[in-house]
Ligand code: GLA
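Okay, so here's just one chain, in structure tokens, the form predicted alone.
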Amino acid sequence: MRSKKSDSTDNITMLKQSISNYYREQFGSVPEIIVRAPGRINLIGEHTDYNGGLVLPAAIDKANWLAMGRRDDNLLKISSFDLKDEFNGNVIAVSKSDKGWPNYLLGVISELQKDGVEIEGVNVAFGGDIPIGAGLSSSAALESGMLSGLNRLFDLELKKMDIVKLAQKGENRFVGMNCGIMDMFASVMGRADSVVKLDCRSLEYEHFPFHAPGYTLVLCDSGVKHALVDSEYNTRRRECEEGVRLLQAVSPSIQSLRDVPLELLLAEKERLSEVVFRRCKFVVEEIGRVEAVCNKLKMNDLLAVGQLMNQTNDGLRHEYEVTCPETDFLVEEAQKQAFVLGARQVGGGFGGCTLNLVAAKEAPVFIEKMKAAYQRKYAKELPCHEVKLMDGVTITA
């Protein structure tokens, strides 16, 4: 019987070759470099990044692949393998595309230009196996991969953290998604078989080995595509900022929800609207859960990790209100299974995937049960993915 590791390696090899072949078909030459930019999961710490808090993400074995090569002019030619679509532009005059998808690539070029960095024309062919709209940060992977490739092609001498920050700016300023820094950070800084504790205020970070003998992580994709730019994601951020503004009247030193002790929030509850209070309570408690999970991982207490994952989902559902009926159903079904330690919605919300900590030997049974339950409830196929934790962005010739 073939091992899951062998299957994963074969899939990576096939994807890399497919994108390389597609580049040759589109541009009539061999790509100079091929960039692998992984998606991410976040074990715990949702919506804490833009509140100056802590997160615990990891890069996974689902990735965007970018085949890239320099041109001898200023043209920018991008071809999407998955969409079977293309974009033609000019690196001297970057502006938004009505197509939408090119903006994730154009935005990082725009940010380079704002920093006075000039590049020449480039050909890009890309595709991958990160489910779009599933909460696994396919857009951040694309941005991080594009920047990493440009850095290599044009010897820009950008450090990894420079790439992370520029990718976030591209999404914030150009795409219009007011996201935090976690997604880009995980895609660039991930390490195999590890999660990374990131302080989103100081940007200090620490890798934690994810030793889970006998357990595996399984994603269940609801098929509900979240479009965060068009959702209430930016509204949640404004609600958190409103809470900070009101609490500053009590303690002027408060700069973000990272600075708010739970005791203070509870004591000053009447200062906030009921909705803003619930948003703030979730974030403050979630920051604490990140610390708790790190401590439990050190003790290899996976039962406690699973319980904290369940608590996060309760908060996402009832306090932050970013779940949907489909992901609620998937979490409820998973939590019924004795061999599931924890289950929660993962990502920005309003759809996407659930993340499940499952006994490894029961993973096939779990997937079968979840697929059958989802089919009965919604008459829809449920894609499920057992994921491995991988290194961040890698580049090969």
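Just so we're clear, the structure is a prediction, and the values are computed from it rather than from any experiment. All residue numbers refer to positions in the sequence shown, first residue = 1.
Heads up, the form predicted together with alpha-D-galactopyranose isn't pictured, but that's what we're talking about next.
In the predicted bound form, alpha-D-galactopyranose lies farther than 4.5 Å from every heavy atom of V108. Put simply, F366 is far from alpha-D-galactopyranose in the predicted bound form: not one heavy atom of it is within 4.5 Å. None of the heavy atoms of D61 is located within 4.5 Å of alpha-D-galactopyranose in the predicted bound form. In the predicted bound form, alpha-D-galactopyranose sits within 4.5 Å of a heavy atom belonging to D49. Contact with alpha-D-galactopyranose in the predicted bound form, defined as a heavy atom within 4.5 Å, is made by none of P57, A192 and G392. Only one listed stretch (177 to 185, 94 to 102, 118 to 126, 208 to 216) carries heavy atoms within 4.5 Å of alpha-D-galactopyranose in the predicted bound form, and that stretch is 177 to 185. G45 is the sole member of G352, P38, G45, G342 with a non-hydrogen atom lying within 4.5 angstroms of alpha-D-galactopyranose in the predicted bound form. Shown without its partner, the chain has G347, G348 in segment 337 to 361 as residues with a non-hydrogen atom within 4.5 angstroms of alpha-D-galactopyranose in the predicted bound form.
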